[in-house]
Each structure stands twice: as C-alpha cells, then as structure tokens.
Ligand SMILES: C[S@@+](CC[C@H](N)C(=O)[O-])C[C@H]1O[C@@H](n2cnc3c(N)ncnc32)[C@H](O)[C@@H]1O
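Heads up, the chain below is alone and in the form predicted alone; it's given as structure tokens.
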C-alpha cells in the first residue's frame, strides 16, 4: 500500500468501494495482521498500557485459579490433562499457572496458550503455544480458561428505529470516519426474535454472532473437562434491558481511560462490548455440558479461597520492616481487594463454568460463602 501504512489508510481504501459495517471496521482495527491493535509488538495490557485485567491486578487471581487447577487435576486421576488459556495474549497468565502448579501435577498436565497473534508471547518453560485451538493436543481431560476473550470479538452496533432494526456502518467524512445507518441484515433480526427480545425505539444494542460460534468450538474441544470463562457481560434479559442499557455497552479503551468514540484512532485503542452469557450457556448445554457455576468473579474467587491469601489477611496479622515496605504492601492489598469487593473489577466480571464428565457437585467454586 503506497504512502503511510496505518489502519486508517487501510480502512479508507476499503471505503472507496462503499460503506463498511462497524463489525468489519472493528475486525480491521483490532486484528489486521500487521497493523491491528492486537498485532502491535507492545502489549496493550498493564498499568502503563491501555487497560488492566484481573491477573495483572493481583497475584490473588492466579493463586485462586491455581487452586482450581489442583482440584481439577486431582479429580482427573491418572488421565493426561491439557490446561489451555485461549486468548492468552502475551502468555503471562498461563506461564503463571504453570509456575504455580505442583511438580507432581506438571508431570501429568500439559499447559498451552492459544492466540491469533503470538508475536508478544513471553519466553518461558513448560508452556506451548498455538494460533488455533484445534492445533492443541487434547489429552484425555481438558481444562479451558479464557479471560476477557469474548468481549474482544468483533460485534455489530444495532439500533431500533420505528420498529425496524438498523445496523450502524462507517463512511468517510472530511478525511475522518462517521456513522451511517443501514437496514440490518436478517440474521440480526433473527437473533432477537429467537431470544424473544424486543428493543425499544431508539435503543442501541451490541451483538456478536461469534460469541456463540467461538464458544461452540471450545465445547467441541472438551470431551471431558471444564470450561471456565471470565468476561464482562450479563444474561440476555439484563444485557438488552431497555432502560438500563439504552445505548448499548460498546466502549473504547486507551491509556486507562474509557471513551465512547469508537471511531477515533483506529488501531490505537481497544474496542469492546459486554457479552451475552446466555448465548454461551445455551451453546454449552446443547453440546451436553452442564452449567456448574455462573456468578460474579468476586464470589468465584472467594469460594476458591481467595480470602485466605496473605494480601487479604487482617492488617494486624501482617508485619513490615520499613515504611517503603508498608506502602508497597498497602498498594498490593488495595489491588487484591479490587478483585473481591463490590466496587471493584470482581463485581463487574462474570464467571461461567461448564463441565462434562467431571462431576456436578463438590467443587471449591460452588462452596457457599454465607
């Protein structure tokens, strides 16, 4: 492509042939193989990057999830297990989970990370990586984890106008990008009709048909095991509530700030929307998996024993040797609390656990807290 190589120029070239759906705009902005947001050499995740995720906030997350892996491997007996982080990014989570596993468990478990782009994967021992889930050896038992995978899948922006569903597309205006509306494709009308959901006049909704399709691929991979999904989202009745989410949930993230300007700086900001967990739950149950847990991340982590981590211990039980250490500990404790208190990320993220052939009850995450 002549001239400056940028996502914006790629999109402008595409727009020479007509308007572009927001779903396709997002696909290019995030996943262009050379210029897309997730193809950049630097990671978008971190305190000095665009956003943080639970594993980056506090070691409490990995510690709790490591407990689940130990429980899972104990239930698997002598079976060879595959532990997979799908949508692994730089691989830091799956590396941490491998490091936290007991040596005896490492002998019977294989750890894998799966991501479209592996350019940012951190080096380390004990973990193999693949670009697609079907390239991962399944073993006899499978544990598949995803953390904020589904909310990064390209989605359509839709709006109801006088009882007719419209889809938001992109056009070029004055050397920039602007919204235009087209009649929605029938598949989006079908999406709401099949779920018996009526959008109000003027209500926006964000929908990805890939939510269900991607989860279905994960379900087919798991012949016996668990699927554990962490993500921003709600069941469909809450997600498409006419007054609570009249303008949808789409947002952009850059440098720890949220924006509703989805068209600004394509390729330089993250684009995301809350997912419909009902799509995932139904897809799993159609494949014969049973729903073992669905609730807030805070409840999930606490049930797995997060409250016993030393960062959440009573302050009187902790000892420090200097002011600097005290300040560091205070910051670490505040981060840990964000995972489990009502005003933190642990309240916003939901966890869905579905399983096949591993027993319905008695899991640590099902433990009653009160």
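For clarity, every value in this text was computed on a predicted model and none was experimentally measured. Numbering follows the first chain given and starts at 1.
As for the form predicted together with the named molecule, it is not shown, yet the points below apply to it.
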Listed residue (296, 245, 116, 237) with a non-hydrogen atom within 4.5 angstroms of the named molecule in the model of the complex: 116
In the model of the complex, the one of 205, 88, 109, 170 near the named molecule [non-hydrogen atom within 4.5 angstroms]: 88
Contact stretch among 147-155, 74-82, 287-295, 95-103 - heavy atom within 4.5 Å of the named molecule in the model of the complex: 147-155
Exercise: residue 53 in contact with the named molecule in the model of the complex, heavy atom 4.5 Å: yes
Any non-hydrogen atom of residue 138 within 4.5 angstroms of the named molecule in the model of the complex: no
Residue 45, heavy atom within 4.5 angstroms of the named molecule in the model of the complex: yes
Interface membership of residue 166, the named molecule in the model of the complex, 4.5 Å heavy atom rule: no
Joint contact, 31, 38 and 120 to the named molecule in the model of the complex, by non-hydrogen atom at 4.5 Å: yes
Residues in 183-207 with any heavy atom within 4.5 Å of the named molecule in the model of the complex: none
